[in-house]
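The data below hold one chain only, encoded as structure tokens and taken in the form predicted alone.
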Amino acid sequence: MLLPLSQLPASLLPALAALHKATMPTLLSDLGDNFVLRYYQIAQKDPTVIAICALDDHPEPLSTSHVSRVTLGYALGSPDPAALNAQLRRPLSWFAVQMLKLAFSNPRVLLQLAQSVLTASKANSLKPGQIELTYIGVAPEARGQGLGKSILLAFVESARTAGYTSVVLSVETDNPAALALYTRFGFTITQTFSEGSYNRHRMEYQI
């Protein structure tokens, strides 16, 4: 079953955040559970965000070992990802506490965060009419069944309904599975660039 993030019960947000961490090894995941959950809580309330969740029609009882059976996949995008990320710094008191914890528990991530800010590429800038597909993932046990394509199609159709003319994304050059999915769907590479220690393709799909 596919439904918008805005309609996902709040009780399932922790399961969605856990799935994100399991399928999306990015800086957001490295920042830890609190940041990932906070991100999806913010995204759920942001009317500019387009996000699709895939739920199991017949889930097993929710527990730590079954979270991926409840939320099988997701896709999330924004016309202004930087503004969405900036909301993670509010309230400032919460953000300061999280940064202090990271300074002691995982200072490497703080260095990655600083590097990400300092090396942000202009290739990520959006033009009028574009929305960026920021995150997409499918639980390991649900792969190979076309779910990724279904979620991506639902995201594109939602973007079309919202009036966007194209979907853009950035993907690591050494991620062949994602590149194959996007290419088969109709995305084309418009630019290849470096950002920190990552080499990425910028891809676009004309709606």
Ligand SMILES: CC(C)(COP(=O)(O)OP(=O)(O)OC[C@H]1O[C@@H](n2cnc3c(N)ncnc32)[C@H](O)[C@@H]1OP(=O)(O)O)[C@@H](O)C(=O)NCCC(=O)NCCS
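Keep in mind it's a predicted model, so treat the numbers as computed, not measured. Just count from 1 along the sequence shown to find any residue number.
A second form of this protein, the form predicted in complex with this ligand, is not displayed here; the remarks below concern that form.
Only one of these stretches, 155-163, 34-42, 168-176, 48-56, has heavy atoms within 4.5 Å of this ligand in the predicted complex; which one is it? Stretch 168-176 is the one.
Pick from M24, L12, A18, I189: which residue has any heavy atom within 4.5 angstroms of this ligand in the predicted complex? Selected option: M24.
Would V138 show up as a contact with this ligand in the predicted complex if we use heavy atoms at 4.5 Å? Contact check for V138: yes, within 4.5 Å of this ligand in the predicted complex.
Taking only heavy atoms into account, state which residues of 140-165 are within 4.5 Å of this ligand in the predicted complex, ordered by sequence. If the 4.5 Å heavy-atom criterion is applied to this ligand in the predicted complex, 140-165 yields A142, R143, G144, Q145, G146, L147, G148, K149.
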